[in-house]
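First, one chain by itself in structure tokens, the form predicted on its own.
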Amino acid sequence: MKKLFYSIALSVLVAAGSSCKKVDNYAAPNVTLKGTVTDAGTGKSLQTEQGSGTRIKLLEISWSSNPTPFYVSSFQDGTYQNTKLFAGKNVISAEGAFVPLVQVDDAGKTIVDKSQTVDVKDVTTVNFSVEPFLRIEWVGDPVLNADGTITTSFKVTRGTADPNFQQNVSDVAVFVNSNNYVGNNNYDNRYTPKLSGNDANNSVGKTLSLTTLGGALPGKRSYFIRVGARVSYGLNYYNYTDVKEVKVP
């Protein structure tokens, strides 16, 4: 009896394996989708966090009218690329620290739709122009002080005139790290100064100067500095400057 059960089980496994071989005959995905999310006010790429800031949303409508979303994360310089997609028609939008490209009212009706319907094939480029919640600008380069600290000057302004997206500024920070992938998801809290609450909200339109915490920074290395600020909306993503490097002898 045991031999009979074993033979039946083995036959089922062989049949299942054969069935899988017949179905799994699709070519590997080899289509590239790439592009840049830019600030509509400056024309510059919109700085974000590596892997956890701006993301590109794809809805493939080639085979379904209700597809599951697929997301591509942007690099921190605002560009994105995925080289392993299948060809197909997609509705594509971007999500992040900017006025939403797709908006719905309280009843669930779409009232704004700036998504793009694109046949993604070969190498396809799709760019987006957006209004950031905040715009942070350097005022000069970070300065290495005589006491071994670093002082950074910058200005925070509104990136959109739409009052629906001018919530209070909840946080401002000068993120410091020992590598150039620096931001709210990757920084050294021993040195990073922050503003919050009223101090952060009252900073809009002013030139600010913040100095690193913890006294003299350890020498003989580079530090990478980036200013971020965010409003109380959605997932509370930060808007950023680009990254500056300061070498401490």
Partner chain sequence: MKKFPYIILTFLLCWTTACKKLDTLPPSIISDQDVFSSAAGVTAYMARMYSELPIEDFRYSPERGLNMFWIISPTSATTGEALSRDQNGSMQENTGLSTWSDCYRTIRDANYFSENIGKYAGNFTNDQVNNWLGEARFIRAATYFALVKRYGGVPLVDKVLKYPEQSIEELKIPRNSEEKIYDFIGTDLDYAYANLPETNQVGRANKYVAAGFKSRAMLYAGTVAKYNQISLVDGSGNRLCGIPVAKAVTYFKAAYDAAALLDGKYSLYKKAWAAGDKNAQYLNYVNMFFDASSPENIFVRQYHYPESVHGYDAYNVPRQLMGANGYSSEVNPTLDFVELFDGFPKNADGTIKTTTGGKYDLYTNTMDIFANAEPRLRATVVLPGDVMKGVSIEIRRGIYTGSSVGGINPLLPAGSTAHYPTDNIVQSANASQTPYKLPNGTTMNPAGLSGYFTGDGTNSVSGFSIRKYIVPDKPTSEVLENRSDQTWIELRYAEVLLNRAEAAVELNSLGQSDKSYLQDAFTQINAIRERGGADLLTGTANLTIDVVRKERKKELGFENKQYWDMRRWRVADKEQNSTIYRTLMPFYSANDGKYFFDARLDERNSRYTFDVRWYYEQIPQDEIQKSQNLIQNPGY
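For clarity, every value in this text was computed on a predicted model and none was experimentally measured. Residue numbers count along the first chain shown, from 1.
What comes next is about the form predicted in complex with the partner chain, which does not appear here.
**Q** Counting any non-hydrogen atom inside 4.5 Å, which residue from S52, S203, T32, S45 sits next to the partner chain in the predicted bound form?
**A** Spelling it out, the residue with a heavy atom inside the cut-off is S52.
**Q** Which single stretch, out of 79-87, 104-112, 120-128, 135-143, brings residue heavy atoms within 4.5 Å of the partner chain in the predicted bound form?
**A** The contacting stretch here is 104-112.
**Q** With heavy atoms only and a cut-off of 4.5 Å, decide whether Y187 touches the partner chain in the predicted bound form.
**A** Yes, contact at 4.5 Å.
**Q** Using a 4.5 angstroms cut-off on non-hydrogen atoms, would S170 count as touching the partner chain in the predicted bound form?
**A** Contact with the partner chain, yes.
**Q** Look up in the predicted bound form whether N66 has a non-hydrogen atom within 4.5 angstroms of the partner chain, and give yes or no.
**A** Although the partner chain is absent here, N66 would touch it in the predicted bound form, with heavy atoms inside 4.5 Å.
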